[in-house]
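Here's a solo chain for you in structure tokens, the form predicted on its own.
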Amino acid sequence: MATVRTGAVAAPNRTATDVLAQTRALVDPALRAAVERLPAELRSIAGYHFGWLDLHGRLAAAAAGKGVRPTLVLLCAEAVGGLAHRALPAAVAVELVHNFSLLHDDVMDRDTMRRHRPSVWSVFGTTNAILTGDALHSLAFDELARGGDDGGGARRLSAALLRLVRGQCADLGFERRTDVGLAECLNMARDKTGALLAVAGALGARSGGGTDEHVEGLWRFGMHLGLAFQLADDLFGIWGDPRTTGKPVGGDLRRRKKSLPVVAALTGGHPAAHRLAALGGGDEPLDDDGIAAAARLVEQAGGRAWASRRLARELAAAKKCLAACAPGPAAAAGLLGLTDLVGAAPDQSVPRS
């Protein structure tokens, strides 16, 4: 379907890491131009969040996110025979929305680290973090409009955002409950993480001139990929190395979050589930010994094994949806490489930040 063009994101023999780097080279100038439209006070905070500036507003080269979502947009545009540069506004919009959600998530979760640096709220304060997130949210829709969106892309992105918010509400609500079921936890993950990757696939297909069938097929591909991403992230959140995650070890367990491995362990009927429930029943954050004990219990109760199996299942489903869209060889290779990177397990030492 697609052919390799000069400047294309997908090309023969490119690794997933190469594809991510190519995307960053294409997206970063447009992303910086969008952020430059912010008021000066918020511009410097956003620049710090993206790793472009240090705490004092001086130029920096800190670690940035991998750029999975904008890469997905550009590759899906190429998968349906389009040009990557025509999908840049959609790619920037999705990246802005993703970072809006990260800024707000860190406030709600009280995470003090993001991408190996102090998180924005912990440095500039909660109010500034919220306002900067709000500004990135607004910029996303402005970027789509500047790119000539006919309204259809904005409606899709808005719908994805509503699902994301619903998922975040559920995630926070689960922390106060002891009866969270596995099915509702999976639905939460589809909303919180899957929706944005799904819309990235759909917006890429739309930008590339794909048919309605392509748009829906790549939306489904992104949804399965998003759930796989969340499963992998939850596994990293318990068993990952902070040097690759950019966050303190066991942060989810410390806050007693009902992540997918935890809920699978609690609902699996293993005797260790009762001890895990008792350990997670308090109100205070777990200390280091409690985190280590909880991780052992989640594994003993089958939560880690279940999450690993479900991760493999979602990756297989994503690849099936991709194959049904019949992308050209270069775009297919790029998307399959991205899928494998997203679904990497903690013992594969793949960076998650």
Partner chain sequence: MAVPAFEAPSTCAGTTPPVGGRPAAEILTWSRGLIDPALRAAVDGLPASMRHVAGYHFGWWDPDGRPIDAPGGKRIRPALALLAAQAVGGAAGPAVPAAVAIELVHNFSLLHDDVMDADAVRHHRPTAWRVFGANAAILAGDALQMLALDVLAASGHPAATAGVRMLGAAVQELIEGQSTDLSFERRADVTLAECRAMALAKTGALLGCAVAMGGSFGGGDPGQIRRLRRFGTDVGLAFQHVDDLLGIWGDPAITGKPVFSDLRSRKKSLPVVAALTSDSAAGRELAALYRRDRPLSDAECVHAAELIDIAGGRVWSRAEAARLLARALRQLCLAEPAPQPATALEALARMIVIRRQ
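Please read all numbers here as calculations on a predicted model, not as lab measurements. Numbering follows the first chain given and starts at 1.
Here the subject shifts to the form predicted in complex with the partner chain, a form of this protein not shown in this document.
Segments offered: 281-289, 66-74, 297-305, 41-49. Contacting the partner chain in the predicted bound form at heavy atom distances within 4.5 Å is 41-49. The partner is absent here, but in the predicted bound form a heavy atom of Asp134, alone among Asp233, Glu216, Asp134, Asp241, sits within 4.5 Å of the partner chain. Just one of Arg190, Arg86, His274, Arg146 comes within 4.5 Å of the partner chain in the predicted bound form, counting any heavy atom, and that one is Arg146.
Put simply, Gly151 is close to the partner chain in the predicted bound form: some heavy atom of it is within 4.5 Å. At the 4.5 Å threshold, heavy atoms of Arg254 stay clear of the partner chain in the predicted bound form, well away from it.
Interface membership of Phe100, defined by any non-hydrogen atom within 4.5 Å of the partner chain in the predicted bound form, is confirmed. In the predicted bound form, the partner chain sits beyond 4.5 Å of every heavy atom of Ser122. Residues of 125-146 that come within 4.5 Å of the partner chain in the predicted bound form, judged by any heavy atom, are Thr127, Asn128, Ile130, Leu131, Asp134, Ala135, His137, Ser138, Leu139, Phe141, Asp142, Ala145, Arg146 in sequence order.
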